[in-house]
Every structure is written in structure tokens, then in C-alpha cells.
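Heads up, the chain below is alone and in the form predicted on its own; it's given as C-alpha cells.
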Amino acid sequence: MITELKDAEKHLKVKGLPNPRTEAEYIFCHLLNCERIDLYTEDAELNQFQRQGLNKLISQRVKGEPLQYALGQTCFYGFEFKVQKGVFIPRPETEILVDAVLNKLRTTNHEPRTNILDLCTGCGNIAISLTKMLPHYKMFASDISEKAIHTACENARLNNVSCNIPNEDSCLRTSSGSRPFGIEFRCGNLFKPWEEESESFFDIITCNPPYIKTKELKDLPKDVKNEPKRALDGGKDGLKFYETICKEALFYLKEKGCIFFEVGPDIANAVRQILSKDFYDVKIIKDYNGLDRVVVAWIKY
């Protein structure tokens, strides 16, 4: 198997793909349903069916399809998530946002009935990870994409988190032993699905909005261009969604409520300035590489 693994790595490298060894290892782990260490310690071999799968996956990558789409899954915060074309792929740096929320709730006196809203939820990675770590809090999540909402609900079920989509007969729910609360998913643009809720309904709002500047979309790597454009395009200056969300959040956040944004390092200070108009104690949190990645602020009253 080592020879086949090296051949796959060489093929990916020749085609100019980054991290060819890591990608080859992920592909083999997917095909063999094993851990990366097992590739070098176990004497397993690919059967004919798996070799066909290997050729297909390598072909997909060479054509520019993201590895996560080719595999149909990815890992975030230690949990497994299904992903498919048309749904934004979670990035490791977004785990910084989850950490920031958890740190806040662990160091402040929030009651279990705390309501958390995740905007632009995508495959549900933020909402589901928080619910797994905070099982007695109530989570809400929305996305403009119907495909994303259904993928998120599938991921909730995959991770044994109860959930529902209002007004749908095919709500996905966990069976016996499900947690006391869960996630309510709604489809719609930003706060629109929550317009009927009473004002000041949420204690915390989280969001990883599109923040790539429109003019920079053409320079993105080939595989990133295969992700949905509306999940990437943040407008002329990358700030379009931050400006809208900050204005509308004032009507939905409770007293002492706070908001957590993921940001691109190049716009972190601009987002901080936007928040400073109506929020206080605005802080920037860095990611694993020392880059500005999360901005958190508390609402003014």
C-alpha cells in the first residue's frame, strides 16, 4: 500500500496541487476507513473497488474540485460534517470563533435558557459544535441557501443533535436520548427568518459571513472558486454583510448581548470600527497563525 500511496502523492504533486502527501493520506484514509497512522503501521491493501475510487478521487482533485467535496465530508472541531457542492466548506480557523464563544460562556454567568443565533450557518458547523459543547443552551441558525439548511440538519442528525426546520414535514430529529434542546434551522437571508420573534430575543449572535472583496474573487485558488460565490463575495470592500448585520442586530440582541464575527485579517480593524458605533468593548482575537480572525463586541444600552 505504501507504494500506491506514494504514487498517488506523486500524481497530485505533478499536477501542482498543494500538500500532495496530506491529500493522498486523506484519500486513502477515506477509502480504507482508517486513521492516518494506520497507513504506515497496518498491512492493508486497496481492493479493485477501492482502486477505482482512488482514481476517481484523484481525477476530481486534478480538475479542481475541493477535496472535501470529493470525499463528501470534512472535520471541524473534532466532529464530522457532510459537505456537498453548493455548500461552503468549513475552515480550521473558524474554530477560533467557537473557542471564543465557549470561553465567554464559561467565564460569565449565563443561564441555560441563553439563546444563540448563528447566521450564515452553511453546513451548520458552528451551531452544531456549540450545541455539542453547550447541550443545555438553545441554538438557532439560518442561511439563505435551502441546500445549506438541509445539509446542516443532516449534520445535526449525524452528530446526535436534535433539530427541526419549522413548517416542514420531514424534520430531522434524533431518537431517544436526544439532548433537551437542540437547533432550530430556518432558511432565509440573515435576520429575515426571525422577523416574527420578539425584539431582543438573542443573547449571542455568531456569524462567519462572506468577506472576500469582489475584485479578489478572480484570484482565488481553483478549488475555492468551486465553492458557492455568494458564500465568498463580501462586496466591494468585503464589509457589506458586517455593516448590515451590525445595524439589524440591535433589534435582536438582549441587554448585555454580544456578537462574534469571523473576519479576514485585512478587514479586522474596519469591522472593529463598524462595531464601535453601537457596541462597546470591541476586541480582536488572533488565530493559530497570529492573524486577526475573530471580532467580538457587546451591545450598548
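The numbering used is simple: start at 1 and walk along the sequence shown. The structure displayed is predicted, hence computed values, not measured ones.
One more form of this protein, predicted in complex with a small molecule, exists but is not displayed; see below.
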Heavy atoms within 4.5 Å of the small molecule in the predicted bound form: does residue 105 have any? no
Would residue 130 count as touching the small molecule in the predicted bound form under a 4.5 Å heavy atom rule? no
Heavy atoms within 4.5 Å of the small molecule in the predicted bound form: does residue 116 have any? no
Does the small molecule get within 4.5 angstroms of any non-hydrogen atom of residue 241 in the predicted bound form? yes
Just give me the single entry in 144, 217, 224, 75 that has a non-hydrogen atom within 4.5 angstroms of the small molecule in the predicted bound form. 144
Establish, in the predicted bound form, whether 88, 120 and 209 all lie within 4.5 Å of the small molecule, using non-hydrogen atoms for the distance. yes
When the small molecule is placed as it is in the predicted bound form, which of 130 to 138, 154 to 162, 187 to 195, 67 to 75 ends up with heavy atoms within 4.5 Å of it? 187 to 195
